[in-house]
Structures are given as structure tokens and as C-alpha cells.
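Here's a solo chain for you in C-alpha cells, the form predicted alone.
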Amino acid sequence: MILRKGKIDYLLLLAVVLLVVIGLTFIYTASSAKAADRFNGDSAYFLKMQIIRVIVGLMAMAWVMRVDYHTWIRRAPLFYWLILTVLLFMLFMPSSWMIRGTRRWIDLGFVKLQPSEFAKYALIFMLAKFLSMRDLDIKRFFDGILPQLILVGLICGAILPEPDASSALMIFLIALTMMFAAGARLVHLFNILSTGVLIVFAGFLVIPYQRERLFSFISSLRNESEMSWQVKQSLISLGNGGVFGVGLGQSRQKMHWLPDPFTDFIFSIIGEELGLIGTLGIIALFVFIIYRGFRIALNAPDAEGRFLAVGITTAIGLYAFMNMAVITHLVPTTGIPMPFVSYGGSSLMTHLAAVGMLLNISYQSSLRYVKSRYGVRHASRQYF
């Protein structure tokens, strides 16, 4: 079903567009020096690449927004099993395909795709479909929660050995939040969370570089060793910024001090150039998006829309604040990008498409309200 006319949540859209514009601005200011060195003086190379991704992402958002979300829900099993197949295939990729010692990306030459970003939303769609079934009693463990856990376990189990423990943990937490929204018993969720955290922690211990990163983080908290170079430079960036920042484009840490300052640690450069005021502005935009997302979930036309909105909103919020926690040394370095802001293709495009889904659900909620109040004959007059 194609939705051809209707009102959209302009406030949510505006907040997302603002974050994208801020992201483009700081990708340029943070990457210009590195781009000029690597690409024969082309200081805008990374900016141009990100603009292409933004255009593709906005097109995906517009497309998703126009198609009834029930259509996507019906195809959730296809998306889920397809992405799971891709994840399993990646575990057997030849070592020559590995990037930085991991199997997280598929290099197609013109673009690198990270399947775990797509897997996150494939699982959200799948859970939204099954949690909304009328005959499902989520308060029961074996015939309520366990089938959902199997779906979650397959995805996380395929991502963990890439190795990518942080993404597996984030997806696991998103799934638990959706189960909580569906009415699962707290005692079940607590036991599941405890078991899941232990499994991820065991993964950190088994994987050498993850183990070293975890122990280094714990040692630095106890003042037994220095924090990693990247985190140390990140904190210096935030400290340099103070309250009002050093000025747009004036960051010193981006000059080859902070590694890849336009990717996972772009928030540090924002803090340095715009100061505390700028970082609070970014936080406020994410809080507003989370508010609008959960508001859409509360007003969703049905259970499928409600659980889908909860999953999408949780994913955006969790990834954003986990990224902030990393750059402020509250958690170990994870490689989690900041939604809409960090340089990268898979994260940006999937999050923008997910916002299109939120706008779709919001549209249908508003349309249902207008039809119920004014009647079907007058409903179309309320939208443009």
C-alpha cells in the first residue's frame, strides 16, 4: 500500500536533519587535514563521500515513509533470514577480505557495507511482528520469551565472532527493551540480561584485543595505568573546548592527534570547537528525537507500530548515548558510531530509513485520529 498524501512529523524530521547538517559540517572540519594529506590536497574528499551517503539515506527515508509499515512487517522474515545468511557467510570470508583484523564489513569496491547495522533493524522488524501476535503470552518464558530469544541469539551469535561484541550487546539490549514494552516479566528480563552480559563479557575475555581493551579500561579507572591514546586525546579535546569552544574549524586535536576524529570520536571535536554549549545542543536534539519516537509509539495505530517505534527509538538513543559514554571514558572503547553525525555509510543510511518508518507510523496515527473525528470523507482535507 502506497501512502500518497498525509501529514508528517515535521519536528522529528527537523531534529534529524539538523543532526545530519551538523554531522556534515564537522566531518569536513575534522577530516580536512587528513583528506588533504591522503588525497592530493582534496580536503573535502570525506565530506563529498558523506554527502552521497546522505542523499542515498534521505531517498531511503522518503521511500520507506511512503510505504505502509505493515508491508515491511509482513516481509520481516525475509529480511531477517537474508541478513542472517549474510552474517554467517561473513564468518567464512577469506582473510584477505578482513579489514583491520575483523569481518565486520563487505567491501564492494565503491562502498563498504556493515551487515550488523542492517541486522539490527531486521531483528527489530521481526520482533515487532511476533511480539504483536494476539496468541503470544509474553509473560510465559518457554512459549512466550524463549522463541524471541532464539531470534535474538541467532543474530547476536553471528555478530559476536566477527569479532564485534559491542554491536551484539547493543542489539541484545534493544531486544530486551522491546520485550519490556510488550509486558515481559521483570524477573525473566533480569535473568536474561545477566546471562547475556556474562556471555558478552566472556567474549571480551576470549578475543585477545577485546580482552586487552577491557583490562586497560579497568586499570585506567583504578589509576594503575594510563588510558588509551584515543580516549586520552578525546578528553583533551573536550577539555580544550571549555564552555564556549575554541571556534568552528579551530580544533587542534584533529591535526593528527585524535585518530579518525570524524568517525566514532566526532563528538569530541564538536565539544572542542563548540564547547559545552555545543555538546548540550547535540544531547538535546537526541533527547527530543527519543521523546518524539516514544510519543509515536504511544499513539501508534496498533501493536506492530508500537513495538516497531519502540525498537527504532531505542536503537537511535542507545547508540547515541553509548557513543557519548565512550568518548567521555565511562565505558570501554566500542567502535559505536553516533547516529546521523559520524562518518560512515551503513549506520547513516539505516538510521535515516528507520526515521522514515517512524514518520510512517506517525502519519497513520494522525490519519486514524482525523478519520475518527471528522469522518473518512473529510480526512484528506486535513493533510498536504
Partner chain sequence: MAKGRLKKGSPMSREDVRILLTEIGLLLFAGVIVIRLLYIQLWERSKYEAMARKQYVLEIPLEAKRGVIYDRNMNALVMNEPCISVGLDKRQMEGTSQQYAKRLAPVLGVSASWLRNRIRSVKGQFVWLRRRLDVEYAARISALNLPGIRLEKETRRVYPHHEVASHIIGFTDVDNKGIEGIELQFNDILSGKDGFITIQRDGFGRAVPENVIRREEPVDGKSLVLTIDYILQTIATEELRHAINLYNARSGTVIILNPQTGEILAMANEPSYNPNKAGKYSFDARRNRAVTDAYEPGSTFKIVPFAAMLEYHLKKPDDLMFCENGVFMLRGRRIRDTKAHAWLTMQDVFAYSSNIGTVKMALELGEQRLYEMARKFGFGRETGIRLPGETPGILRPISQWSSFSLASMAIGQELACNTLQLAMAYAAIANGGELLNPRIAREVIDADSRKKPASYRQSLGRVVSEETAKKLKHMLIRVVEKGTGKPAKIDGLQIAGKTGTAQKPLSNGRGYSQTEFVSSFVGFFPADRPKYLVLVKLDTDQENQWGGKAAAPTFKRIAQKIRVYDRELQSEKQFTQRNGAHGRKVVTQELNGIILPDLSNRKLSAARAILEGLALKMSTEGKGDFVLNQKPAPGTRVRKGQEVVLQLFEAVVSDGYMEMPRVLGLSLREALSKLSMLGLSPVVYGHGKVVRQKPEPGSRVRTGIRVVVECEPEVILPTAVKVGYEQ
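Predicted model only: the values in this text are computed from it and were never measured. Residue numbers count along the first chain shown, from 1.
Although it is not shown, the form predicted in complex with its partner chain is what the next lines describe.
Of the residues given (Ile192, Ala182, Leu87, Leu127), Ala182 alone sits with a heavy atom within 4.5 Å of its partner chain in the predicted bound form. Picking from 161-169, 300-308, 140-148, 77-85 the stretch near its partner chain in the predicted bound form, with a 4.5 Å limit on heavy atoms, gives 300-308.
Shown here without its partner, the chain carries Val16, Thr29 and Gly57, none of which come within 4.5 Å of its partner chain in the predicted bound form through any heavy atom. For the chain shown alone, Ala62 is not a contact residue for its partner chain in the predicted bound form, no non-hydrogen atom being within 4.5 angstroms. Interface membership of Tyr291, defined by any non-hydrogen atom within 4.5 Å of its partner chain in the predicted bound form, is confirmed.
The closest heavy atom approach of Phe267 to its partner chain in the predicted bound form falls within 4.5 Å. In the predicted bound form, its partner chain lies farther than 4.5 Å from every heavy atom of Gly153. Contacts to its partner chain in the predicted bound form (heavy atom within 4.5 Å) from stretch 298-328: Leu298, Asn299, Arg306, Phe307, Val310, Thr313, Thr314, Gly317, Leu318, Phe321, Met322, Met324, Ala325, Thr328.
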